[in-house]
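Presented as structure tokens, the chain that follows is alone, the form predicted on its own.
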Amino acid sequence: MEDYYLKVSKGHTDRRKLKSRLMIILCYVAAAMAILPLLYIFFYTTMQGASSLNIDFFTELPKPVGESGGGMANAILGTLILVALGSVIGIPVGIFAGIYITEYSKSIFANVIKFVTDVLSGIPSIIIGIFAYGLIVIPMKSFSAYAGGFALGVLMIPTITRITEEMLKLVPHSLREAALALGIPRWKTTLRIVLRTAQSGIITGVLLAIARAAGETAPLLFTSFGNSFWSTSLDSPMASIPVQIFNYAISPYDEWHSKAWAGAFVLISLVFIVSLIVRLATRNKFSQTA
């Protein structure tokens, strides 16, 4: 009888081990299926675009049809300006919204903000572009960097808000209680202790939101539109890398197709580098916060 129970127990153990190994294999397969498309896009873009990169690409303006050479210097500068404008709008609004949702989670207004943030995160970016078009472009009667920066800022808000909320939730309540017990006002506790403790994770979310906004095309087609010349005026149309890639990609010219691949390679490289730097710079700090 004892041998029988031992055999039954061993059989159950073997089946559990088999199921465990099977599930681990399935997890590896699922992870590979998620990573392979990203690797394929990155390496294919690299092969197509790296060969078209040179100094002129970063220093010269686009050439007219029929002329070889040229670059995307104005689009690179325009992208930096538009992302900076978007950051001025999106970062403070997103961070303070995340703080309010976390620290005043029981209020009705906090629940409303959380709901609106969830809805906003699911709205297609082209709708945000149309919204900015109606709000800024039509009254100004002109495409402008202001409108493009506003659209990118709105796109950044939900990402920053939700990441700020999640990072602040990881801060132990004992820190808040200790600060309040010492007589520190609640707003100082939030800004100087809670926010500082979670700053690594919040910075990660901010940079990831910036990386996402830098690659958006649809909102800029309705707002900043594009420009073939140098333009630093915020109330006029401004070039950007995504829009320039779009214009080159839909053209029938091989020279422009090469420039589009080069622009795509630069854009994806910037996003990759920013994401990598964020992960490396905040890895240890984030683990300590968590």
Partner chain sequence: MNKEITVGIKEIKARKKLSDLFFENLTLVFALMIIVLVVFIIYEMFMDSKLSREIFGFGFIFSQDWNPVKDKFGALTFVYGTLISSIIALAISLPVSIGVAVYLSELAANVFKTAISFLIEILAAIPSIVYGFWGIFVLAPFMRTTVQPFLQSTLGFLPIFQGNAVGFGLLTAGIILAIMVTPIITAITRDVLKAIPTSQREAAYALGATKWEAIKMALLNAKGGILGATVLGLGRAVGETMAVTMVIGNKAQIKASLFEPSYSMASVIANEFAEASGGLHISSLIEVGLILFAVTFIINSFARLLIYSFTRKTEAK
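Positions refer to the first chain, counted from 1. In this text, the rigid core denotes the largest set of C-alpha atoms whose superposition between the two forms falls within 1.5 Å. Quantities reported herein were computed from a predicted structural model and do not represent experimental measurements.
What comes next is about the form predicted together with its partner chain, which does not appear here.
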(message) Quick check on P62: any heavy atom within 4.5 Å of its partner chain in the predicted complex?
(response) no
(request) Please run the contact check for I245 against its partner chain in the predicted complex: heavy atoms, 4.5 angstroms, yes or no? (result) yes
(message) Would you classify Q199 as touching its partner chain in the predicted complex, given a 4.5 Å non-hydrogen atom cut-off?
(response) no
(request) Give a yes/no on whether T45 approaches its partner chain to within 4.5 Å in the predicted complex, heavy atoms considered. (result) yes
(request) Given its partner chain in the predicted complex, answer whether the residues I163, L170 and L234 all have a heavy atom inside 4.5 Å of it. (result) no
(request) Would you point out which of 127 to 135, 79 to 87, 170 to 178, 199 to 207 contains residues with a non-hydrogen atom within 4.5 Å of its partner chain in the predicted complex? (result) 127 to 135
(request) Taking 4.5 Å between heavy atoms as the contact cutoff, choose which of A73, I193, L120, M140 touches its partner chain in the predicted complex. (result) L120
(request) Scan 201 to 240 and write down, in order along the chain, each residue with a heavy atom lying within 4.5 Å of its partner chain in the predicted complex. (result) R212, G215, T217, A218, L221, F222, F225
(message) On a rigid core superposition, would F229 pass a 2 Å threshold for CA movement between this form and the one not shown?
(response) no
(message) After core superposition, I'd like to know whether Y28 moves between this form and the one not shown (criterion: C-alpha shift of 2 angstroms or more).
(response) yes
